[in-house]
Each structure stands twice: as C-alpha cells, then as structure tokens.
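In the block that follows, a single chain appears as structure tokens, in the form predicted alone.
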C-alpha cells in the first residue's frame, strides 16, 4: 500500500547543512553527532523585571550533543583529520574540548588524548571524556601549560591537534552565526560572547562577516572566496563584545595572565591562542572587551535559570551578565537587538550551581507535611 505522505527530512549535522559554506569536498568523511541547530531563545521575563528596553536572545549551545559549543568545531576538525588519515587526535582542555574531542574521536574510530589541569576539571566534563574512551592525562599545571605541551607533542607523535589553533575548528564554530542570522532574518545589533581561548569570538566574526558578504582577515581557508560573498544573508554585521572573568582577563590586562583563576572553569585561560583574531573581531566591529566578577556571573547564572528556565554553565553566564550591565549603563543603547552565546549546559558543572543553596527540604511522607511545605511557598 503506497502513501502520499512524504518522509520527514532527518537533520544530520552542520557539515551536511552548510556543506557549500565549509572547506569540505565530496571526499571529506563526515564525522557528525548531528550537532548544531541549537535554539535561539528570546528572554521575556528578565527584561521586564529589570525594566530594560531591548530584545535579548540567547543562543543555547548547551543543547549540542556533548552539551557545549565545542561540537561545532569538533565535527570539522575530526572530519578533516579523518580525511588526512589521522588515527589519533590530541587537545588541551579545561573540560568541554576534552568531552567533544573524546566523543567525536569515538565516532570516527580514533583515539583521543586529552591533557587537563590536575584537579581543575568539573566532574561532569571529566566523566564525558572518560565515558567516551579518551586517554586522559592530568598535568601538574594549567590549561596554558597543556596547550604548550600539545603543540610540542604534535611534532613528536602522530596525532592531530584539535584545539582552536586548528583552523577547521573556527570554520565549524562560524556556523552558529549563520544560524542566528537565519533565525532572526538579520544580524543582531550586538553579539555578546564569553572569551577564554578566544576561538569562539573569532569563529562568530568569520560567520557574521561571511553572512553579509564581507571578507575578513581571519578567514584563511577560503582565500577570499567565501560563498556568501555573492549571495549574502544580511546587510550588516553586529558589534562584537567579549566578556571575561576578572580573574582570567588577559584582554583587559593587554597581556597574558600567568595564574588565571575563576570559578568559571571553561574560561580559566590566561594566554588565549586566538589573541590576534579576537582583537580583529572586536576592532573591526567597533566592539570591546570587558570583565565580570565571579559573584556577578554566578548571580546571572541563577537569574537566568530561575527567571527564564535556561540553565547554563558559569562561563556561559558572563555574556549575559556583561550584556545586562552594559544595557543598564547605556553603553548598549535602548532598542537594541542583542544575542548572547551560552557556551555550555549547566550540568557541566552542577556543584557550582548548588553551592550555598538550600533548595532541598526533607519532610515526612504524610499529606499534612507535604501540604504545609507547598503552602509555605505560595
């Protein structure tokens, strides 16, 4: 018996969706976990509660397969590594990169080696790397030490580096900008983003630039032949604003920070590898860098979770934290359309979210006790 009902199209990830916008060919193997296509969520309650006249959307990258934006770059980096015949990949990580590298290596049948700072990785992220079968090497040092070692070992062992110094990582990450423009029908006025190793702000700027038909100095793989140049999606690019934690803010110090420290482990990086590209993104767009304290970012994390139902990891909250502060000060003017990247899911670091909270009550298994507890909060 035949049916006239067409079969729904199955989404298969970024490389298939944006194949004509990425440096891949028909012979590039696609290593994908159906990453991307993450929601762009308009914040409704917080602007009303704060009395601010702006449209704010959050790009919730915590709903990628390994719960962070790293999957966008990793599908490209691992696919290209597979195309080049690599059998193993290596990365330094504060947690999210290791999780993504391990998952995509497993998908590709490769071995992943991840270098992490001893005792500095949230268990949620470490568990992912272990579960996916990565060889985890804890080093007695920080992320920047790990990054140095990764670059050194790549010259001594047959492994492909999949940190954001790999240009294919940024090519994957630029696709979030495409999705934002497609969802809004235009580019935002301001795009606010957390900055750690600075690959993401660089990737977004490549994406926004290509989407409106502009070349950018950081787009090194297409030799000035970006496909959107002759058919742009939008006629403008946003102002790019990068926020850091004040204990790990090399862009605000204008030099590397030798001992970065912040509860936002994903951006606890003192010597960003995409330093020049990030500066180019901010300077070309007329944007700026700024910093927020741990107390401020944690307050924003809680505000977003309780006020809008969106749970992000601490590092993600710096983008919204900084944006709200700049709106209130007038640095971002009223009436602006703002998008903020939330880089990872809150379950990446649950211990931070529940620290100091007294949200769990123990009551007797009796109707009267449960009723009393409910009425006490109404």
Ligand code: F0G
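Numbering follows the first chain given and starts at 1. What you see is a predicted model; the values in this text were computed from it and never measured.
Heads up, the form predicted in complex with the named molecule isn't pictured, but that's what we're talking about next.
Exactly one listed residue, out of 281, 76, 162, 195, brings a non-hydrogen atom to within 4.5 Å of the named molecule in the predicted complex: 195.
Contact annotation: of the candidates 343, 319, 64, 339, the single residue with a non-hydrogen atom within 4.5 angstroms of the named molecule in the predicted complex is 343. In summary, the region of this chain contacting the named molecule in the predicted complex, judged by heavy atoms within 4.5 Å and restricted to 86 to 94, 233 to 241, 300 to 308, 126 to 134, corresponds to 86 to 94.
Put simply, residue 101 is far from the named molecule in the predicted complex: not one heavy atom of it is within 4.5 Å. In the predicted complex, the named molecule lies within 4.5 Å of some heavy atom of residue 143. A residue is said to contact a partner when one of its heavy atoms sits within 4.5 Å of a partner heavy atom; residue 177 fails this definition for the named molecule in the predicted complex, lying far away. In the predicted complex, the named molecule stays beyond 4.5 Å of every heavy atom belonging to residue 188.
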